[in-house]
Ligand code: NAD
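Below you will find one chain, with nothing else, as structure tokens; this is the form predicted on its own, and questions on how it binds or moves follow later.
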């Protein structure tokens, strides 16, 4: 750490960590309304706050994946779910909303045990969002409208939408329940059935989540769960001939592989991938609010989010003061037990990921960046010393070409850049292979209007930290993904449109072969 860096706040360190809940000894797949026997390879499941193994995962091989897909296919063809009247499907989605909300604390504790995100954040944000996903799509399908075309003389055409079939839904490890529930709610709202695959790192809460859906009365086979690594379970799922469409959230390289495998059978895909989002702070901004949001934008969710404002671009007139205050605040962030409400930053999800994030400190130095704060493993003490903690880290990069400004680090690691003009800021923000979101902080309307048009990203947030409007499409440009999620975007993806054309009166048909 640089000698000029601000002093660090004391870590939140109970002498002995308290487990948020007990994990099942073995997490198994859930197929056709029942748990599988779990005979596959055993994979360890760890608690990131201590590094201790808390359970095992039974990996689904190709045969188990096939059983799950066939269960979903039977449910699609025979359960009546696909043809259920909209009002009945709405009733079920609202039941799913209620049961997730009723078990929010249980799900949050399992997620904390598996992921290390602060329990308070999981309970108050992630689980409420997971429940709301079902309510949102219940409301959306009740307002969906058809199309009628009668411009062609003598004919009327109308368009209906029908469910596609069986969806493969592949969820990420950084917000498993919140993000997987969006996919599940959207897929089943439009009459599809699905097979959900969590990350092998974070299976615990989603296994209970799928059980809860069935406890609420969801027909068997509508939602199935398979667990395992991408190269084993994920590959078998995406390549399965009875999978009709694929939705994936995760890393860009994995997304390339999934799209390649799906493309061999012409399966539609939506891919929500990585990001290296620019958080642009102009001198015309409300500086206090921008500073608060910059800290939230990179350090919430333990820094592990594709939406993170990981490149912070600050106008030179205000840069010295803004960056110094950011570093001072970052150094005081309370790192420690994710079970404690006092904790502001928990551990990273795995030992390997912590090593990768810390590796970027040396990469930054090699590129000529200045370490402002952090850059080291955090050791809260007691049982937590075995956890995967990283101190909140920030560097001042020499240019946007530095690897810390181009590579997605996916941790509590901010890279600062400074700019002298509007044009320089926009050029710098767009100089990335990613294009998921952008943040703009300014109270000057011409700057806001121009930036919202010229930033190359799927979402632009103005004078606000991350906020998700589910009615609007969400997704990225360039290597940040393909396709969109959201109300109408999900309807377009999870349904097939069918055009039916009727004549107004009997048609005179040319007679051949007389």
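What you are looking at is a predicted structure, and each value in this text was computed from that prediction instead of being measured. Positions refer to the first chain, counted from 1.
Keep in mind that the form predicted in complex with the named molecule is missing from the display, and what follows is about it.
Colleague: With the partner left out here, if you bring back the named molecule in the predicted bound form, are 73, 134 and 491 all within 4.5 Å of it by some heavy atom?
Modeller: None of them does, since no heavy atom lies within 4.5 Å of the partner.
Colleague: Within 4.5 Å, heavy atoms only: does residue 249 come near the named molecule in the predicted bound form?
Modeller: Looking in the predicted bound form, residue contacts with the named molecule include residue 249, since a heavy atom lies within 4.5 Å.
Colleague: Look up in the predicted bound form whether residue 336 has a non-hydrogen atom within 4.5 angstroms of the named molecule, and give yes or no.
Modeller: No, no contact at 4.5 Å.
Colleague: Is there any non-hydrogen atom of residue 238 lying within 4.5 Å of the named molecule in the predicted bound form?
Modeller: Answer yes; at least one heavy atom of residue 238 falls within 4.5 Å of the named molecule in the predicted bound form.
Colleague: Given that the named molecule is not shown alongside this chain, does residue 272 nevertheless sit within 4.5 Å of it in the predicted bound form, heavy atom to heavy atom?
Modeller: The answer is yes: residue 272 has a heavy atom within 4.5 Å of the named molecule.
Colleague: Where, among 124-132, 158-166, 403-411, 324-332, do residues come within 4.5 Å of the named molecule in the predicted bound form by heavy atom distance?
Modeller: It is the stretch 403-411.
Colleague: May I ask you to choose, among 391, 90, 343, 199, the residue with a heavy atom within 4.5 Å of the named molecule in the predicted bound form?
Modeller: Flagged contact: 199.
Colleague: Which residue, 268, 398, 382, 230, has a heavy atom that falls within 4.5 Å of the named molecule in the predicted bound form?
Modeller: Of the listed residues, the single hit is 230.
Colleague: Taking only heavy atoms into account, state which residues of 304-318 are within 4.5 Å of the named molecule in the predicted bound form, ordered by sequence.
Modeller: The stretch touches the partner through 306 alone.
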